[in-house]
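In structure tokens, the next block holds one chain alone, the form predicted on its own.
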């Protein structure tokens, strides 16, 4: 990308935030993970630039920094950033590398980091239930910023353990909700949590 293209892209993020605000959205999440454009700037495996947007971690972070600043200039609501905390490849980003960037995000008034991993380069990932939770736990502790945990979190008890033990501040579900759109209702029942639902759902559960 040329510098002019970078500036246009940053402005496009700002414009998108304005549209989100006008449309009545409650939260904005910047997707800086999974090999998409921002992730390509953050990881040294994909960022080989030699200008002010490449090289040191601070320079690789600059693109995201400027996006956050522009969004914050027009958006005062909750702002999340999704990251790939581990590249799973030699010379790539690790959760420890992201501690510094997480601290920078906190100073920019990012409210929560959604901690995923992988996909900037092909890699073998040992995926097991909760395999990404330690990354969220590390950033929460070391950067003192709220985090969201993701990745093969499938049961209510598993999700509750993560929250109650202070390993993350939020559980974010994706594929599990595609498999079971009633997951939140079942989880509330399993954990004996009162939940406001249409009367038909209560009748269906009880009777």
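Residue numbers count along the first chain shown, from 1. Note that this is a predicted model, so its numbers are computed, not measured.
There is also a form predicted in complex with a small molecule; it is not shown, and the following applies to it.
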If contact means any heavy atom within 4.5 Å, which of 155 to 163, 140 to 148, 42 to 50, 168 to 176 contacts the small molecule in the predicted complex? 168 to 176
How about residue 82 - does it come within 4.5 Å of the small molecule in the predicted complex, if we only consider non-hydrogen atoms? yes
Please tell me whether any heavy atom belonging to residue 31 falls inside 4.5 Å of a heavy atom of the small molecule, as the geometry stands in the predicted complex. yes
